[in-house]
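Before any questions on how it binds or moves, here is one chain, the form predicted alone, in structure tokens.
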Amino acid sequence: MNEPVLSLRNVSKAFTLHAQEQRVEGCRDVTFDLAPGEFVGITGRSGSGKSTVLKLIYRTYLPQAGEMRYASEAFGSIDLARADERTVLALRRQEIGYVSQFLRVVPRTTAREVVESAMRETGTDPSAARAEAERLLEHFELPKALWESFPQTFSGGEKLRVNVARAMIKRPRILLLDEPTASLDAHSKSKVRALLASLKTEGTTMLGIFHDLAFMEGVCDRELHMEAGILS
């Protein structure tokens, strides 16, 4: 059996709401492994802690306890819970991708530039990065008339397509997906599904949150369920 590309052991995170003088548990003692090339889906009600787990792995949050051991190509085996910020930023550029429901971009950056710049971060030749960005925008059927427009003016579904393309263009080793099809119609969902299947074939390891369980069938290798911050 292949060694895990990512191993979480007893990872916990809580949040303090100072205004209410209240402590809220995000997740507790989360433990699981991801094998190379595996696609695991996390299910559970809203507020159960699913997104917290993804943001801990991406290091948007720091855990209060536990270990997140990642088999990095660039740095070898490292604990993401304790890695310094420079290492985390390098991993985000080169190895770990993240797709959320929301698109946050630098103002006055066109849709094509958003996707293209993500690939250029990996050191790809500018002309090759532009060609691949245009290929993906075409795959997701974003009208060419919008390629040189600013995504701030786009609909929710159009923004999400740009967001997915930006994350997928790098072909990351690990791809974290936080409700990536939330505001897409059935046709656009099928486009995302096709690209996820392609990435899986190429060996990308994926961890995703999907409320649309029908979308996950035949794509995910297995399912983990969260309830009240606890993974089962």
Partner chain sequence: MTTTLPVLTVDDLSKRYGSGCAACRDHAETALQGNTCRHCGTVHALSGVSFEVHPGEVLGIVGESGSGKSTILNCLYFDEEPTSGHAYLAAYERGAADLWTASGERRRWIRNHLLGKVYQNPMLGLNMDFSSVANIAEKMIAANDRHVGRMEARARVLLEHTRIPTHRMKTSPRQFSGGMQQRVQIAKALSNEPPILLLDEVTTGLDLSVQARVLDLIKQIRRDVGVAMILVSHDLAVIRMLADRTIVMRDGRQVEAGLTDQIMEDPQHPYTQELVYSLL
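Please read these numbers as outputs of a predicted model, since none were measured by experiment. Numbering follows the first chain given and starts at 1.
This next part talks about the form predicted together with the partner chain, which is not shown.
The stretch that touches the partner chain in the predicted bound form, counting heavy atoms within 4.5 Å, is 59-67, out of 181-189, 42-50, 59-67, 29-37. Contact between A131 and the partner chain in the predicted bound form is not found at the 4.5 Å heavy atom cutoff. Contact check for E148: every heavy atom lies farther than 4.5 Å from the partner chain in the predicted bound form.
The partner chain is not drawn, but in the predicted bound form it has no heavy atom within 4.5 Å of Q101. Contact annotation for N10: none of its heavy atoms lies within 4.5 Å of the partner chain in the predicted bound form.
Not one of G156, R171 and H211 places a heavy atom within 4.5 Å of the partner chain in the predicted bound form. Shown here without the partner chain, the chain has F75, I78, D84, E85, R86, T87, V88, L89, R92 in 64-98 lying with a heavy atom within 4.5 Å of that partner in the predicted bound form.
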